[in-house]
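Given next, in structure tokens, is a single chain: the form predicted alone.
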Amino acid sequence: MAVELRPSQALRLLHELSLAQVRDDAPDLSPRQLAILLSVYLETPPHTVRGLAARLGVTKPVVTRALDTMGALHLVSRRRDEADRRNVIIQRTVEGALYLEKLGDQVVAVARALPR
């Protein structure tokens, strides 16, 4: 579904969504953390630290730091790949799914409230 927005509307959407997130009691995620979380939940698994780093164009330590934070918030979990112990598999969690479901609802609500 294509959505037509003027740049000012797109910025208003981002601004209002940011305000909704700040006012919410949910964890504050950086844009990098959110990009990783969305990749894990919206793209076909399996997800590895190496794969996420390549996808985002960042180093593995950058992804690891973001996963440390999100793991502490129970938004994702990690386990060693049994087939190749060098790889770390990133897994979805119920808490992460609920976080993104709520975020999706916020996006829809903010978008519907935009002036036409």
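The first residue of the sequence shown is number 1, and the count goes up from there. Keep in mind the model is a prediction, meaning the values are calculated, not measured.
A second form of this protein, the form predicted in complex with another copy of the chain, is not displayed here; the remarks below concern that form.
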Report task. Name the single residue among N87, S77, S39, T59 that comes within 4.5 Å of another copy of the chain in the predicted bound form, judging by heavy atoms. Result -> S39
**Report entry** 4.5 Å heavy atom contact, H15 to another copy of the chain in the predicted bound form
**Finding:** yes
Query raised in the report: Contact between V49 and another copy of the chain in the predicted bound form at 4.5 Å, heavy atoms?
Result: no
Query raised in the report: Any of the heavy atoms of D28 lying within 4.5 Å of another copy of the chain in the predicted bound form?
Result: yes
Query raised in the report: Can you check whether V94 is within 4.5 Å of another copy of the chain in the predicted bound form, heavy atom basis?
Result: no
**Report entry** Residues in 73-111 close to another copy of the chain in the predicted bound form, defined by a heavy atom within 4.5 Å, in order
**Finding:** L100, L103, G104, D105, V107, V108, A111
